[in-house]
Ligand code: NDP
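In structure tokens, one chain follows: the form predicted on its own.
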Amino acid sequence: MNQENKIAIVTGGASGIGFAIAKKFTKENIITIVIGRDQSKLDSAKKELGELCIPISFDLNDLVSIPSLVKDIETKYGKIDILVNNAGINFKKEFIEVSDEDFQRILHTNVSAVFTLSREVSKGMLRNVNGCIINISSMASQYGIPKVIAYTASKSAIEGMTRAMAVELSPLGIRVNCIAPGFIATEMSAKALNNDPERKNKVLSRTPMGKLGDPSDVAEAAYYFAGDAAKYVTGVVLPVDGGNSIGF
């Protein structure tokens, strides 16, 4: 580790898409702080990714503690160059059965935590007049998917926040972009699709490339946004979905 290394935060970086992003970043010599709640997954990520992976056990629902978390990271590592807001939870239930508590719980984790963390990290990025924020959205924000009303609302908010943040922060040196993954082959999607053959067939039939994506596909997009190749790109929502969002 030296001053040449960029410093990244990847929330939910111990599994699935977040882990793939952390793996790509560490491979490219980016010191990657992986934030998650499951200590065993964090330990496994550290073991696989090596010294450039810094696991931190933290519940992002604890909004009040986020400013001190960010301050501690900046004190220890000097700066934060990249923030990937990947952590999020899903909830599947018929629309009319979703309670107010269900709805607010999803919004709290998927929207409020992203807002608070982004706000606090941006303060340091503004001092350095440099930074990159990457939000992770979903196909649920691109078109209607049944039984995920709260998740859909949260990811639609993320895309709107991406544009609003980009307009306000980009003149000050911080680029803000978003990735909308399609159906990616992760442990979470396997549970959902393998137990519902009809849903899986529907997913594949409307995906022009005819297959699920790999987490590394999203990781490559994140690395592009994080690097100089995207130095004139901000406010973009990029589907990484095999054409699913435009499939028929």
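Residues carry their position along the shown sequence, with the first being 1. Computed from a predicted model, the values in this text were never measured in an experiment.
The following text describes the form predicted together with the named molecule, which does not appear among the structures shown.
At the 4.5 Å threshold, heavy atoms of Ile33 stay clear of the named molecule in the predicted complex, well away from it.
In the predicted complex, the named molecule sits beyond 4.5 Å of every heavy atom of Asp196. Remark: Arg37 counts among the residues lining the named molecule in the predicted complex, judged by a heavy atom distance of 4.5 Å or less. Shown alone here, Glu187 lies within 4.5 Å of the named molecule in the predicted complex, counting heavy atoms only. Across the proposed site, Asn86, Thr109 and Gly182 without exception bring a heavy atom within 4.5 Å of the named molecule in the predicted complex. The chain is drawn here without the named molecule; in the predicted complex, the stretch among 23-31, 219-227, 56-64, 43-51 whose residues come within 4.5 Å of it by any heavy atom is 56-64.
Shown here without the named molecule, the chain has Thr109, Ile136, Ser137, Ser138 in 108-144 lying with a heavy atom within 4.5 Å of that partner in the predicted complex.
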